[in-house]
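The chain below stands alone, shown as C-alpha cells; this is the form predicted on its own.
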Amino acid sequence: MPVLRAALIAVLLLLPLPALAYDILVLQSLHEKGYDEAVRGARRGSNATMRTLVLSDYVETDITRIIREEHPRVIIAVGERALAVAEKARNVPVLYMMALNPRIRQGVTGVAMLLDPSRYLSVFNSMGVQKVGVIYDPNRSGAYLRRAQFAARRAGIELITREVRVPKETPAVLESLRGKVEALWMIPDVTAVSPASTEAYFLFSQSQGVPVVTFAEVYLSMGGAVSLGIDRYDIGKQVGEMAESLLAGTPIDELPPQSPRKALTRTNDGVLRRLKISGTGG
C-alpha cells in the first residue's frame, strides 16, 4: 500500500495543474507602497475575481507560462516593467497604471501617471502668471508638452520651454530662463528633474522670486509653492472600472487612455506669503 500511494502521488505531481478561476491577472512590478495602494483601488473599482503576481518574486518565463495556462480575461499591469511583460500576451487586453511613459499600441490602454495639463494651468491662472518656464526631455515628455502647449494657448498662458537630454544640463538651462518667466512648472521627467538638479529649481525660485509648481508634495519642503499630485488609490479605481467595462464586452479600442481624474493639491503657505501669492486653485 505505501508503495502504491507513493506511485499515485508521483503520477499526480506530473499532471498539469488545473487553471485557476479568475478574471483579471494583476502584474505588479515590485513590492512598493504606491503600487500596493493602486492595486487596492483596482479591487475596489472592480467586482471581478483577481490574482496578483509581483514580478520581483518570479522569473519572466514563469509569468509567461502562467498567462498561457490560466487564460486571464484581462491583465492589469502595475508599473513599467509589468507593462513590458504584459504586452507580450498578444491575445489578452492590457490595462496599465503607475507607468510614467506607456507606449500606445493596439490592445493596450489604461490610466497615465500624468495629470491633464489643464489642471496645472488652472493653478497658474489663479496665481495671475502668464509666462511659465518648463524644462523637459523631448524623448520622455515630448507628447505631454505638445498637449500642454495646446491647452496653454487656450488658457492664455505662454509656456517658455527648454529641452535637456541629460540631467546635468538642467541647472545651466534654468539659468537661461532668468528674467523671462513668472513661474516654473516642474514636471515628472526624470531627465529634467533628477537628484542632481532638483536644488537648482528652488535656488532659481528664491533668486528670481518666482513660484515653483510641482508634481509631488515632497518638493514643498524644499521650497516649492504648490504641488498637484496623483491619487494612486483613485487611479486604481479608474483602472478597475475600465476592467469592468472590458469584462462587460466593451472593445478595448473603445476605451482610450485616461488621465488621473483626481488631483491632490498641497501648498507651502510660507512660500506663497513670501511671494505675495494668494490664489492657488487647482
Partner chain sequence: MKKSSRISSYLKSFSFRLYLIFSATIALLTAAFALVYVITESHGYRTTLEREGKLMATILAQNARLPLFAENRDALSLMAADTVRHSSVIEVSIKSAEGQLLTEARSRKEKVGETIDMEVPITSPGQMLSPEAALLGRPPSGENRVIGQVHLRLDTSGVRDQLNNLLIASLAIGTLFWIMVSLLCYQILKRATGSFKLLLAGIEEIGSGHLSTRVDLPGDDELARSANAINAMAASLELRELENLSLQEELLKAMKLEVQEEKKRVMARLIQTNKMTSLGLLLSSMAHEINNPNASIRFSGHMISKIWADVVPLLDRVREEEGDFYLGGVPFKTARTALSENAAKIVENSERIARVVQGLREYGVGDGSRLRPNLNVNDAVTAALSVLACQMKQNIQLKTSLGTDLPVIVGSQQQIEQVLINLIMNAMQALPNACGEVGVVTRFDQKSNEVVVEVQDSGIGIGAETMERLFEPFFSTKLDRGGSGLGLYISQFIVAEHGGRLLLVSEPGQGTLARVLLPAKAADASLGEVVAAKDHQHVADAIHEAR
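Positions refer to the first chain, counted from 1. Predicted, not measured: the structure shown is a model, and the values here were computed from it.
Quick note: we don't show the form predicted in complex with the partner chain, though the next part is all about it.
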Any idea which of 103-111, 144-152, 130-138, 184-192 reaches within 4.5 Å of the partner chain in the predicted bound form, heavy atoms considered?
184-192
Out of Glu70, Asp62, Glu32, Glu241, which one falls within 4.5 Å of the partner chain in the predicted bound form, going by heavy atoms?
Glu32
Answer key, the partner chain contact in the predicted bound form at 4.5 Å (heavy atoms) among Val94, Val212, Met98, Ala82: the residue is Met98
Can you work out whether the partner chain is within 4.5 angstroms of a heavy atom in all three of Thr198, Val218 and Ile230 in the predicted bound form?
yes
Is there a heavy atom of Lys88 no more than 4.5 Å from a heavy atom of the partner chain in the predicted bound form?
no
Would Ile160 count as touching the partner chain in the predicted bound form under a 4.5 Å heavy atom rule?
no
Does at least one non-hydrogen atom of Lys168 fall within 4.5 angstroms of the partner chain in the predicted bound form?
yes
Verify the contact flag for Leu247: yes if a non-hydrogen atom of it lies within 4.5 Å of a non-hydrogen atom of the partner chain in the predicted bound form, no if not.
no
